[in-house]
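Have a look below at one chain only, the form predicted on its own, in structure tokens format.
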Amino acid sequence: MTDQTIRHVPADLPGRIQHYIGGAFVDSVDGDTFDVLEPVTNDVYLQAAAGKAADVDLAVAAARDAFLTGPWPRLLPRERSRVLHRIADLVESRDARLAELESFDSGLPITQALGQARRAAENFRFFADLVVAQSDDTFKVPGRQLNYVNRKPIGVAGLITPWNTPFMLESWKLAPALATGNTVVLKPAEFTPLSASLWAGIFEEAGLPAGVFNLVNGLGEEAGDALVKHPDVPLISFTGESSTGQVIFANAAPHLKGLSMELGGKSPAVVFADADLDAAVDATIFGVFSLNGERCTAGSRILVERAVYEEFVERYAEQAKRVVVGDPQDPRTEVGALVHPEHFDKVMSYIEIGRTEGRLVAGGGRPEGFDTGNYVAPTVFADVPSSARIFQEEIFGPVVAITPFDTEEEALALANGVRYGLAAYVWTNDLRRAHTFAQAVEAGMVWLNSNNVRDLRTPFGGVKASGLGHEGGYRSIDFYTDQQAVHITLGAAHNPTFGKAEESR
């Protein structure tokens, strides 16, 4: 760990952030704003326009007009692809600045923020290529019919994004929505609006027509709620908490909107006795403490076979104590500051609960030398029973629970014994066990002898309380388009004959 001797503040920070509607930056209709804090000091460093229903109405109207009358949905895929590649080029050329602002706004370590900025560029490049390579099904009934699928953009896509790795997760939704010809209204998380405000300039420079991209800042219960309920927004893509997902599901139901929701997680990392313990310790340390522990796929429950349990716990705790906590802008930092004091208080409350539920072997509060800001020492609890709240509930911070097991059946029961089902990680050198366990575990994604390394072509999503639907690769293309089946008769029509009974008499 380091102390707070380094304090870097980006140059040219804005004093306020506006909405972006119909190709122009605008204030809220009622002039309202909200404070934005930076997590190292929790000082207010800017005001952002606080969007409400009236602002969402304007943004949706601009997006709908761009969809109905503008060129974007009618461009050839190759033409849209060129714009998306220009967006990717611009993001790559500005990755250092984007990372600097993201790190300052969210508390992410600068090196990890830089990786997320580059991933954002890759998301646009990937979907720029995929939309050109996209092929749809054609079915031939010999001598009778040709049937094919015609894929069409749906309309205005409502995108609601979280505060962890915000710029990258915004790109994850923006890229496929735009690639397929939709127009969008983005509602970023209120804790981290800074990097979202940069999209407008990037899109303008890349040549995206006015009205195709619209941005409304604001609170989820105001701007987000209005977007979900808006009758002219036929689909919503949301990433965030499971409880918020339940509200969105209910509010979208009267309009029968298309929904894609990537929600919370409490993912298990299962370590069998035959695993490579060096690799397993490294991967599980990274899996829960990278991105400050503020990641939906964090392996925050580590299940370890009893034969190696004590060795694993000892090694894990000692390595966790050496994880470098520091200023987010310091390239040596491995864990920065949590995003907001509200979230800091939540994580700290779980640590206090954990003291009564497990054996504290590392961390347990503020790191030494960090008396202010949202800093939490990487915290490890061992001997955690499956009934414990820190085993069952998503903490979303640098806190991990370690639990022993004796049999493969017990490990599976523990892995599946929570309401979530987003990711799972399995460490074993037994190939049969690896695959059978992966197929039995209740998780949308499983990594075998690997940390979270994801190919953009694969589906991303969870089961149970972790989500509804999948995005990624062709699943994103499916979500953001309507698939219309077209049937063509070849040659003479083969129709059943009704209503000619009189003629035959």
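Residue positions are given as counts along the sequence shown, with the first one as 1. No experiment lies behind these values; they were computed from the predicted model shown.
Beyond the structure shown, there is the form predicted together with nicotinamide-adenine-dinucleotide (NAD), which is absent from this document and is the topic of what follows.
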item	value
Option touching nicotinamide-adenine-dinucleotide (NAD), based on a heavy atom within 4.5 Å in the predicted bound form, out of Glu122, Asp330, Asp225, Glu305	Asp225
The single option of Ala382, Val212, Ile248, Ala175 touching nicotinamide-adenine-dinucleotide (NAD) in the predicted bound form, heavy atom within 4.5 Å	Ile248
Contact label in the predicted bound form: Phe238 to nicotinamide-adenine-dinucleotide (NAD), heavy atom within 4.5 Å	yes
4.5 angstroms heavy atom contact with nicotinamide-adenine-dinucleotide (NAD) in the predicted bound form for Leu76	no
Any non-hydrogen atom of Pro153 within 4.5 angstroms of nicotinamide-adenine-dinucleotide (NAD) in the predicted bound form	no
Partner proximity in the predicted bound form: Asn164 to nicotinamide-adenine-dinucleotide (NAD), non-hydrogen atom cutoff 4.5 Å	yes
Options 126 to 134, 307 to 315, 213 to 221, 349 to 357; stretch whose heavy atom lies within 4.5 Å of nicotinamide-adenine-dinucleotide (NAD) in the predicted bound form	213 to 221
Ser290, Phe344 and Val400 each touching nicotinamide-adenine-dinucleotide (NAD) in the predicted bound form (heavy atom, 4.5 Å)	no
In the predicted bound form, residues of 383 to 411 near nicotinamide-adenine-dinucleotide (NAD) [heavy atom within 4.5 Å]	Glu394, Phe396
